[in-house]
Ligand SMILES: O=C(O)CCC(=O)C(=O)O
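Shown below, as structure tokens, is a lone chain in the form predicted alone; questions about how it binds or moves come after it.
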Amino acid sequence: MTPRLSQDQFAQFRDDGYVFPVSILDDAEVVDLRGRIEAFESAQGTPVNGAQRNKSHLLFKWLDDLIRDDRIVDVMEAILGPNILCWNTLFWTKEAGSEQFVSWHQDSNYWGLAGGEVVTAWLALSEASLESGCMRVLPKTHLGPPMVHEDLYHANNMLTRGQEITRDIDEAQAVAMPLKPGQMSLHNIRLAHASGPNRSADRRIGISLHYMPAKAMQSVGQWDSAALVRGTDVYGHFAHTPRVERDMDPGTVAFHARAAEAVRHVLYHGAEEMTAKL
């Protein structure tokens, strides 16, 4: 059965800026995809890291297929309309016992995307629990003005520049979004969100997929890319990413290098220092 947002879920997403859980993958699919990730990591001798984390659908055929999966895109169409781009994909893996965290932040302050709503689908491929550091959100913050951030560059912060909202955070209002493997959450990129360290005995593996209407544009930099996953794009604001025929295909790996570097410059726009987290 294709997942659909109920009227209540749609209203919650509109009013509060988030909704969860939405079941997408069955158990066999989760086992298969996690197995693919970990087989790749075993072969290269290190977890997915650095630039591999970003625009990852250009490296892995299974992920390029996933961003076009009707079960996800149908949900996005209900929010964004019929002409949909997937701007980015990001791995969010916290190893068992890891101190890595994600500070409170709003993605809209850093992504340079304008001209249309942008929605993140965060898909769990292992359990994302309170213990393992699931995402937390501050409801309705997507409705207000941008919140004040500082670049703190904490070593364990998974964000590129350690961007952190340093005032007006009321933890008592935070809502945790635990997910079972195969479930996803949705949030507006203007919504303040964060996650803690992984205190569990298993890896917390998640992938975020970032969707927007074709009318959206990049306001930072002169070139950016996105995958057309449904409908048509009459605007041409983004170079369309090529379809991936096999994992680590040399042609799409070359495109990935340019695409990931472009996003890196967007994310560090205006920063005082640039590091190699992407």
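Everything numeric in this text was worked out from a predicted model, so none of it was measured. Position 1 is the first residue in the sequence shown; the rest follow in order.
Although not depicted, the form predicted in complex with the ligand is the subject of the following passage.
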Even though the partner isn't displayed, in the model of the complex is Met76 close enough to the ligand, meaning a heavy atom within 4.5 Å?
no
Query raised in the report: Taking heavy atoms and a 4.5 Å cut-off, does Tyr110 contact the ligand in the model of the complex?
Result: no
* Asked: Wondering, does Trp92 line up within 4.5 Å of the ligand in the model of the complex on heavy atoms?
  -> yes
For this session: Classify Ser208 as contacting or not contacting the ligand in the model of the complex by the rule of any non-hydrogen atom within 4.5 angstroms, answering yes or no.
Result: yes
With a 4.5 Å heavy atom cut-off to the ligand in the model of the complex, the contacting stretch among 164 to 172, 76 to 84, 187 to 195, 141 to 149 is 187 to 195
Checked Arg71, His105, Arg203, Arg199 for heavy atoms within 4.5 Å of the ligand in the model of the complex; positive is His105
Contact with the ligand in the model of the complex, heavy atom within 4.5 Å, among Leu179, Val118, Met135, Leu125 goes to Met135
